[in-house]
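In the form predicted alone, a lone chain appears below as structure tokens.
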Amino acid sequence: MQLLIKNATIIDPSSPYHHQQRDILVSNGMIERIGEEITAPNATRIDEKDLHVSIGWMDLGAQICDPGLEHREDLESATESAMAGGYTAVACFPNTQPTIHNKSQVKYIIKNTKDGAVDFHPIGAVTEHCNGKDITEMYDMKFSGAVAFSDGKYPITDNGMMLRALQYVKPFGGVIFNHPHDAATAHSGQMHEGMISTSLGLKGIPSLSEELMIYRDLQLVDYTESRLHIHNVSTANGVRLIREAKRKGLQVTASVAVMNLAFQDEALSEFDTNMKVLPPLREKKDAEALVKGLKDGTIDCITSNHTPWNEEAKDVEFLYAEFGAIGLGTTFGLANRILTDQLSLEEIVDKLAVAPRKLLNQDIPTVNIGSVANLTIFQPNEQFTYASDMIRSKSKNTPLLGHELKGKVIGVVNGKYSSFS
């Protein structure tokens, strides 16, 4: 099989063709030629205006719901959604039924996704059933293919458990992901605590609930000299704490959910349950601090925070709606729209493709002759209105229907597998 991509601008600092407009010929999953005016009569041809090609993007911490919760999402629909969003790799959280808390469950994910255009990398649970009580055999999971360890949507609240987890992974260079949300301080909050929550009569989630946990985790990292990833920071003070930790030389990385870059708490004024997410949408000053954190390297990557829910979990009164929205298919279009004047296209691609692999110690693909083709093909300046027929997830809980996005994904190539819109 051959694929010919015509007149594409290559975005890959590791490639000798970075920022150059070239044809790319892919044969049997390998980049055979990069040049001008390449001809290949039998090749599938991709020839669109303003084509760009980068290495394939990677998402961190998506909820894929398979096994056990396939009515919300399964591996097939998660693959379709990821491809539509330009991803060739997804590191998935362990919040399934059964939980990804042993090597058998790790192997289940790898085995059932190995033949496709999207590589799924399991994140193993830190505690059995993600219940915060008994630590898992992370060593076994690591050498079965787990790329990191986390209780996913459930924060590790026990100080001793977090300490032991960091100590456990240190000998083999593992990394602990933690979602910084202290439920006791949040106290059944429904949205960010502030003027908007007060005016709406809703219980608020104070910024303190995030910042207390970030502070605790950074102290434990300093003590253990281990590795921590703070998953989806949302507050200005949280960004400040992480920046200071990095200046001290702590082994800490951080991500931000695209929704927290794009929206603030005022977006909940109409009680749209699809805007009810964790971390909650906060204030303008927080969103500005998050963008600044991306720009100066405090925040390493942008995530989709993909959390599928069936209709019954969202089409209810706001108080009873679950937290979360789907995002794999829209992350680039939303991030590219709001960050155009703040970050270069190269910087946005780095946050989506390079940085996630670096923090997981994964091999980073390159756009070069002789390399395995791991590519995202896109039009960064194409503007469009997001519509329901564009959703590839089983779940439809997105607040972005009718919103203008910027940046259309044409397709992905991952070795011998490819998909195009």
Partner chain sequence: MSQRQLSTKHVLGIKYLNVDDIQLIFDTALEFKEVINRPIKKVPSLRDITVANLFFENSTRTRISFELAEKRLSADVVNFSSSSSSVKKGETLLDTVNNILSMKVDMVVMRHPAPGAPLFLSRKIPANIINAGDGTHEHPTQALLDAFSMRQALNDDLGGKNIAIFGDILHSRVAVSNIYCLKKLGANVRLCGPPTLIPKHISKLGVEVSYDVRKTLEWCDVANVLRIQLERQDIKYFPSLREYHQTFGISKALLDSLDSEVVVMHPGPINRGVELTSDAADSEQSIILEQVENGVATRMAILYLLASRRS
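Numbering follows the first chain given and starts at 1. Just so it is clear, the model here is predicted, and its values are computed rather than measured.
Absent from the display: the form predicted in complex with its partner chain. The rest refers to it.
**Q** Is the gap between G194 and its partner chain in the model of the complex 4.5 Å or less for some heavy atom pair?
**A** Output for G194 is yes: heavy atoms within 4.5 Å of its partner chain.
**Q** Even though the partner isn't displayed, in the model of the complex is Q97 close enough to its partner chain, meaning a heavy atom within 4.5 Å?
**A** Because no heavy atom of Q97 falls inside 4.5 Å of its partner chain in the model of the complex, the answer is no.
**Q** Residue-level question: is P171 within 4.5 Å of its partner chain in the model of the complex, judged on heavy atoms?
**A** P171: no contact with its partner chain in the model of the complex.
**Q** With the partner left out here, check for me: in the model of the complex, does some heavy atom of L202 sit within 4.5 Å of its partner chain?
**A** L202: contacts its partner chain in the model of the complex.
**Q** Scan L319, L212, A183, L163 and let me know which has any heavy atom within 4.5 Å of its partner chain in the model of the complex.
**A** Flagged contact: L319.
**Q** Only one of H129, K107, H187, R240 has a non-hydrogen atom within 4.5 angstroms of its partner chain in the model of the complex; which is it?
**A** Checking each option against its partner chain in the model of the complex, the one that comes within 4.5 Å is H187.
**Q** Please determine whether each residue of E76, F120 and S144 possesses a non-hydrogen atom within 4.5 angstroms of its partner chain in the model of the complex.
**A** No, the candidate spot makes no contact with its partner chain.
**Q** For the interface check, one of 345-353, 171-179, 319-327, 230-238 should have non-hydrogen atoms within 4.5 Å of its partner chain in the model of the complex; which one?
**A** In the other structure, the partner sits against 319-327.
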